[in-house]
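The chain below stands alone and is given as structure tokens, in the form predicted alone.
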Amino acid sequence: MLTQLHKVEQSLNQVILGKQQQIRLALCCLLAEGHLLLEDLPGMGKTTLAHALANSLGLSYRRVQFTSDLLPGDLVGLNIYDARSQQFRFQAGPVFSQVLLADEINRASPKTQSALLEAMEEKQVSVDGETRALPTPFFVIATQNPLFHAGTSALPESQLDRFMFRLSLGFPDHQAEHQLLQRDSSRSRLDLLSEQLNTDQLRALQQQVPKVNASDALIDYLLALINSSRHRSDMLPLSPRASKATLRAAKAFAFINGRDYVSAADVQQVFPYVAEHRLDPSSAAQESRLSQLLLQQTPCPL
């Protein structure tokens, strides 16, 4: 099945040109059962990446445009009174999908954003006192525009902490953009994507990730990175959730690369994407200053 996963990666690279690293990291986030925050200018391919992931993995997909007037019920669903049966009937919202694209999440009110917190952490939602489980797997891809854009507001730290990775696609290079202009539209390319994995196969791959071995020395190195942030005044301290996310992401990255053990290089590869938005919520996705500082100043004994 790992071969099939690499075929998924290859097909995604045919849709999102010149972004091999970001595509591998997005797959890594999905395998580690995390959630992904994409921050970039409009028109950079964020929505296309989310839709392409769902298509190639055979997952149900819903897109929600976050606006200032979006209500929590628009996202999680409502109990609606049925006059014929004289009973309330639950109408599920778009959160009941396997891949949820929360488009321009930082344009919604804090009340609506908070409706996602339980879903992202517990894989369930509560409506009128009743808890309802979400589909498995459940993967949130949220996009946000830079904060200097009109109508945006910063996500609170509690919301940012729910995202395993924050990525930026960035501008394509000259060759990739040249190909983009020569070929058909991205929508027609999406339609050509075939399902490379089904839900059961994806779940089997996700269940293999925790089995990747992480030595005691590797975990000590990871904890040294995390603890370094807790003794500085120029950054926010990293929580145990961040340390767990770093280890899960490093295991997934090693797994994608065909190894059954985690190396220090795996931790160093994923750490900026896990840590930077937690260390400095006001930073931009292209920045990795604080995480790189911790990597440089923390000795690696491996």
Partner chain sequence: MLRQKSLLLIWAGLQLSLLLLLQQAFAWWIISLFAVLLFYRVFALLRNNAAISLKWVNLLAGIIAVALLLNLRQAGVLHFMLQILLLAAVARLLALQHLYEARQLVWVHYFLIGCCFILHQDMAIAMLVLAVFLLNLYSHYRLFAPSGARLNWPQTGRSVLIILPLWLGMFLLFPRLPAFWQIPQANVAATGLGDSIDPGSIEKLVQDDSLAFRVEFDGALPPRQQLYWRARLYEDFDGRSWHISPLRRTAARYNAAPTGNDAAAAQLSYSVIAEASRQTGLFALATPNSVSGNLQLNSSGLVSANKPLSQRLSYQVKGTASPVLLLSAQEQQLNLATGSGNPATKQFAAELLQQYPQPAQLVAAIAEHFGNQAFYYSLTPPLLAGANSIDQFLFSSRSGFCSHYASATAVILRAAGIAARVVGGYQGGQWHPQQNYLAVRQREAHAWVEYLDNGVWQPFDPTAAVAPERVLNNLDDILPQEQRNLLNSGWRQLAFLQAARQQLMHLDYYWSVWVLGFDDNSQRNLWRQLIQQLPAIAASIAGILLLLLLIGGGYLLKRRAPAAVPPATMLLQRALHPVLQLKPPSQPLSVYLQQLAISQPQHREWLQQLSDVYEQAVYADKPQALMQLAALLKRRRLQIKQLRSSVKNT
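All values derive from a computational prediction rather than experimental measurement. Residue numbers count along the first chain shown, from 1.
One more form of this protein exists, namely the form predicted together with its partner chain; it is left out here, but the text below deals with it.
Residues of just one listed stretch (229-237, 49-57, 257-265, 33-41) have heavy atoms within 4.5 Å of its partner chain in the model of the complex: 257-265. Taking the partner from the other structure, its partner chain in the model of the complex has a heavy atom within 4.5 Å of a heavy atom of residue 215. None of the heavy atoms of residue 2 is located within 4.5 Å of its partner chain in the model of the complex. Although the partner is absent here, residue 90 lies well away from its partner chain in the model of the complex, with no heavy atom inside 4.5 Å. The shortest heavy atom separation between residue 221 and its partner chain in the model of the complex is within 4.5 Å. Applying a 4.5 Å heavy atom cutoff to its partner chain in the model of the complex picks out 268, 295, 296, 298, 299, 300, 301, 302 from 267-302, in order along the sequence.
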